[in-house]
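Taken one at a time, structure 1 and structure 2 that follow are two forms of one protein chain, written as structure tokens.
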Structure 1
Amino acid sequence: MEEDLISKKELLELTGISYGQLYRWKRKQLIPEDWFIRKSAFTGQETFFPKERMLRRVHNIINMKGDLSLDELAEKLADTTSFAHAHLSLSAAQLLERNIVSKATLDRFGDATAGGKKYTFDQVVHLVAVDGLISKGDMNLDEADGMFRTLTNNTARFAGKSWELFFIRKMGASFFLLAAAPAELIFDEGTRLVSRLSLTDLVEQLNGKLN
């Protein structure tokens, strides 16, 4: 499954940023060079971006640029897997107040028996990952159980490194695959890649809600 794209024109209209801002952020490396994708369109060659990642990045830049210079911001965004949140500890109430995960996800995957429980950075990332796919309707609850179990049981093996999770379906069966990032996988015919999540993107998503 190819990632959804958004055209440059749609991006500027949707976010309200200017052409000059977009390319100034590119020069400052706030937006990765490889996110600028040239493709043929009926009007000729146009520039597109990975939609979800780009909208999240623009949202984070706009939210943080009031407190940081562009150079400081570039350093912060490039450092999303630096484990700056290694000591992160959030309660269920804080997760809900900051709209980090939904109550439905927390009720199913959180530890409801521990009233004053604080969730660690890894636990919050796992909840964010599952919550995102459930809210988009990309997986059912049984699949979400399998994905959460995969993350909980295996991400510790990548300590200090970034990882990617692939959610795939073939002949009605669902599978999850974890790999060190960046991973380049080739699937056989008939396999559908439903979603590809990376620790980097999940941390950036979390950063956006914590700042």
Structure 2
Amino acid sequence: MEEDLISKKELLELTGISYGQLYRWKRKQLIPEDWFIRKSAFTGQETFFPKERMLRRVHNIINMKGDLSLDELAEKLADTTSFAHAHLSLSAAQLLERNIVSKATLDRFGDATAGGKKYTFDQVVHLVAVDGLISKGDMNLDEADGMFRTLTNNTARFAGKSWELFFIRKMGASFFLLAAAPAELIFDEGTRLVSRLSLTDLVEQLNGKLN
């Protein structure tokens, strides 16, 4: 799974932040060390970032910066549980209206659509995870059933710690793996890692839409 990369220069042009800010955020650990990807370019070594995650992170930092000091922000970003809205509850209508989950996903997995029940934060995260993979066409609906079940039954065990979900395929059969993040998994040959989702990314993605 190749992620789109963005060069440091492009990032600064796109977001309007300066070198100083970027390095300051790095010092305060607002941007994880492993997002800085060194690659050689014709002008020498250049730094690249995972495009989507980085843009979302920058967006979140700029949005939250008003109310918080950089140190508080770093703490908040490091700790997914506080990042999560513990008491958040959204109705099906709200999920659709804010474009968080697609109608198709909600119809199939949001078993409480009819009752006007509200979804908790965890449930919304699970829906977002499933929705993302379905809409990208990475998995079919049967697989999505399995994945949704895996998430619903097991994520509570991580008790607020960050987890990662690996969706792998080998010879047509699909599997899900849940591991405490950051996980370093190595697969045998012929295994295809279709997708890798982390709680942190999902929460961040969701936060971007809620703000």
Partner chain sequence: MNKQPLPDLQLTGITGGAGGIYDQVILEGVCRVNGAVRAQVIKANGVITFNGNATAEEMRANGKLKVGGTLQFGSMEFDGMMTIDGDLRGENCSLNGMLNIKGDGELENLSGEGVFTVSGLLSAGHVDYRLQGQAKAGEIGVETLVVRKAGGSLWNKLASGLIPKLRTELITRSIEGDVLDLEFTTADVVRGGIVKIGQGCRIGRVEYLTELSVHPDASVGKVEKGSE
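Take the two forms, superpose them, and find the largest set of C-alpha atoms that agree within 1.5 Å; that set is the rigid core. Just so it is clear, the structure is predicted and the values come from calculations on it, not from any experiment. One-based numbering along structure 1's sequence throughout.
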Answer check: the form predicted alone matches structure 1
Quiz prompt | Core superposition between structure 1 and structure 2, C-alpha change of F166 at least 2 Å | solution = no
Any CA movement of 2 Å or more for M54 between structure 1 and structure 2, core superposed? yes
Item checked: Threshold 2 Å Cα movement between structure 1 and structure 2 at F175, rigid core reference -> no
When only the core is superposed, R24 shows a C-alpha shift between structure 1 and structure 2 in angstrom of 7.7
After superposing on the rigid core, the Cα of D34 moves between structure 1 and structure 2 by an amount in angstrom of 2.9
Shift in angstrom of the E13 C-alpha between structure 1 and structure 2, rigid core held fixed, comes out at 8.1
